[in-house]
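Take a look at this single chain, the form predicted alone, given in structure tokens.
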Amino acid sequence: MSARGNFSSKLGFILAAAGSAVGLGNIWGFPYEVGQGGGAAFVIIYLIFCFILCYPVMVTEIAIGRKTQKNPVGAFNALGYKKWNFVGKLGLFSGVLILSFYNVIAGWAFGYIFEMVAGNFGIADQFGDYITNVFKVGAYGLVFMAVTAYVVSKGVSGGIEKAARLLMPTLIIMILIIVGYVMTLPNAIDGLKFYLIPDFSKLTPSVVYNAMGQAFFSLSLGMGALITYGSYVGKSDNIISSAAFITLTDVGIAFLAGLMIFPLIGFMSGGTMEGAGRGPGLIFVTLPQIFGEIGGTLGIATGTLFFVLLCFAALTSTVSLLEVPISYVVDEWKIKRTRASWLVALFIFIIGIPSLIGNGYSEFFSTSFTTYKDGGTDTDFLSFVAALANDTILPLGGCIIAFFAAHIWKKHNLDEELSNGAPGYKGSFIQKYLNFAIGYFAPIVLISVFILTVLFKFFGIQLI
């Protein structure tokens, strides 16, 4: 057993890593991206990218972590490529930035639990006032960050794994309960048709680009989280199958989220599906209105359960996001985990204050996290941080990690690590595909995405 801690079982690792991937990006981001992307055709492209592009990068990150038993920065040092540890530092930086604004949104969701319990469905009409009440939503965010810090402070098996074993099954059960109920609502079938029957005439280069971006972000790639989790995996564990289960769990929960959301929109819109692509407002504005339409005790129960679910999903991600800098501080600075957890959590909460007070309600909901600069009009600070960390740094980090593994560390070393716990890996089709994807496909696609994103989000130049 490593002094740093290890996952106690393969299942524990899969649940924790899947929890890292599952979060607001699945329950919130995926449905509105599907809505904006025209429905089922987006879903198909998203699923394809998850497996042909994201899965190889995931396998690579986990392998680097397990090989070195180090944090994202220390991993490159341990491999003997200290000059390349800037990749780990980039991931560390992006993870801290993401958690700084992610916690703000998680705080909104946490506060909505109390609004739903009180039957205050009118919060949807006062959402601008709600999120600009800095002290109220700031307190919710502080509580959420404290819970995250507490889980991480308890260590890998006693905190992260233990929480994942509780949160992930509970999350799935809650989704299934809501899915079962919404299927009984009038016009739910229209939502299902929109979600499950593809109209490929709606596919555009922009939709494909967005589907790829959603896949990459939802699987927590490019930020060092999976290098970190991989460092707690035993040498006998099969990374190939574990990564497949993690990917399947992530896309499965995203798919279930769609089954939960789109029948509700079908009910609210009378079958027209108007508002399906509303953006972030879908969760915090449209859905409370729907719960109000359901009304009474049933509306309160459904609304409360939904936002509890959203907070559970957010917590599985905030834990993994916080673990990345914690592993770095513990490994490199030799600070005890408990102290590091609380100090780093407080630091990240503080740097998230600009996102808390500068979220720009109207601009935030009109841009839907898609542009920082569009025609010279700057958006709010929260959207800027999201555009910088999520949409820009992550694909760049993923690109460099893939290039490093294939061309600097070399494919045969990656193959050697992956063969531990997977005796049939060498010579298999999956080995040949992973070598191709990591060597050529992933770096080319991800650097292209990075360039397009910079041009669009920061210079207002839209090429697709």
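Only a predicted model underlies this, so the values are computations on that prediction, with no experimental measurement involved. All residue numbers refer to positions in the sequence shown, first residue = 1.
Heads up, the form predicted together with 4-fluoro-L-phenylalanine (PFF) isn't pictured, but that's what we're talking about next.
- By the criterion of a heavy atom within 4.5 Å, residue 102 is counted among the residues contacting 4-fluoro-L-phenylalanine (PFF) in the predicted complex.
- When contacts are judged by a 4.5 Å heavy atom cut-off, residue 60 does not count as touching 4-fluoro-L-phenylalanine (PFF) in the predicted complex.
- 4-fluoro-L-phenylalanine (PFF) is not drawn, but in the predicted complex it has no heavy atom within 4.5 Å of residue 247.
- Although the partner is absent from this view, residue 442 stays clear of 4-fluoro-L-phenylalanine (PFF) in the predicted complex, with no non-hydrogen atom inside 4.5 angstroms.
- Checking 261, 321, 75, 386 for any heavy atom within 4.5 Å of 4-fluoro-L-phenylalanine (PFF) in the predicted complex turns up a single hit: 321.
- In summary, among the residues 87, 287, 225, 106, the only one with a non-hydrogen atom within 4.5 Å of 4-fluoro-L-phenylalanine (PFF) in the predicted complex is 225.
- The stretch from 133-141, 210-218, 108-116, 334-342 that comes within 4.5 Å of 4-fluoro-L-phenylalanine (PFF) in the predicted complex, counting heavy atoms only, is 210-218.
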